[in-house]
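Below, in structure tokens: the form predicted on its own, a single chain.
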């Protein structure tokens, strides 16, 4: 259940709430201490400068005079110390809360479904983890402190004013409703601007992220100028929205400033009359004059506070949306762990699947069995549902209808983490991390030995090109594998999938970028693995599929052909046509 934004903040201060309360008391204390200097000044003026007995007091109460001056100095030093320590407390708590929230969000993102990443843009997620969280931190460290500071200073000063002269204090107080009315109107206009500004920032970050990660495509099509113009447009819209948001406050600021600046004028006129009529002492007038800023400044601050609060409101809404997002694919109650290794028998029983944001099903009534240790090849036209089918095995998505079994047990009855750790996955679109080749291969098992890394590199035909690199397995690959060819990245990806010694190995067109000789070497390596596993291979090359124990042909999300290489050739269907096309033979 979602909570209010302030309650959510309070929960994320766990472990630091006592310190934060201490900081609030510190804020109250140092603002009350603001009254000490004017109070002492009032006493000095009335007793030793302008009072009826000022001259005699200066002679007879000299120690009191110096005591008041010393008190003024010491209280000022004490207040400054409290302010410093108080600011450190707010910063400490805000950074701790920021650290906690950011870790929680990253953890939550790691556990989201594949569908989550098809909804949220990368740039938007990055904005939530950076700019939006900074607004949350600013709320804890500055906005709350400023609100308490303004309230404490204003309240303490007004009480002091009423204590000295309630008539003059009441006249001063009459200006406050005008300020609050202006701030209320400002809030109504600035709130939607901050929400729009936040969306423009997310769009700007998305544009930057997409073009940085896709720089090869940009250069390949010589679209640099187009992308620069596109980014400039996003940047211009963000800048325009930012300016419009700032101008909202600038339209209201002159009114707030005018009312705040009227207070010294009112004090000069009304206070002067009170002074002339002996309704106010010179010391009291000096105290009023010395503290008039303590009434005006909190009113001025209200605009900035409201502006920052609306920024927090827009940002925290996006952060909390991610904070409370829950994956739909989770461990069911009673789901079991996996002890030892799975045998790897896979059964699809009347499985159909449709993406949540699509109206047309991708898979229709899929049924087949892969016995433990078998190799299953899947062929079909682009968009026929091959990748969608294999994504159901590690529960990246759930079937719309039907059931999937591994070793005779519904995959929903296994815990997700051990299930996925039993499955090795290598895809055509390879992601390599900015790490060494050794680190990328050992990604799934950090405890793997260097000898095993080389062994699995040999299985994937990657050993030869890795050994020729200047630093071998310690070579740092660039972001997403920049500096390696497509085939080299695919072979490292295959080695990474093999390195966890999976019970089920899924290869999604993993050898599409390698030559036929290398593919033959890889196939030979896969046939002589030193561990048993069931292989599910998506491939378009007949050289990859012909030795499979079972070949499935998918067309429009349905299995239209199933059998061995020889059986499918005899059917003279889709598979027969593909073989004939690839071999160049008219009749087979």
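Positions refer to the first chain, counted from 1. Note that this is a predicted model, so its numbers are computed, not measured.
Keep in mind that the form predicted in complex with a small molecule is missing from the display, and what follows is about it.
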property	result
Single option in 252, 368, 293, 397 placed near the small molecule in the model of the complex, where near means a heavy atom within 4.5 Å	397
Contact assignment for the small molecule in the model of the complex, among 198, 318, 145, 386, heavy atom within 4.5 Å	386
Which of 376 to 384, 484 to 492, 216 to 224, 296 to 304 lines the interface with the small molecule in the model of the complex (heavy atom within 4.5 Å)	376 to 384
Contact label in the model of the complex: residue 73 to the small molecule, heavy atom within 4.5 Å	no
4.5 Å heavy atom contact, residue 357 and the small molecule in the model of the complex	yes
The small molecule contact in the model of the complex: residue 518, any heavy atom under 4.5 Å	no
Heavy atom of residue 175 within 4.5 Å of the small molecule in the model of the complex	no
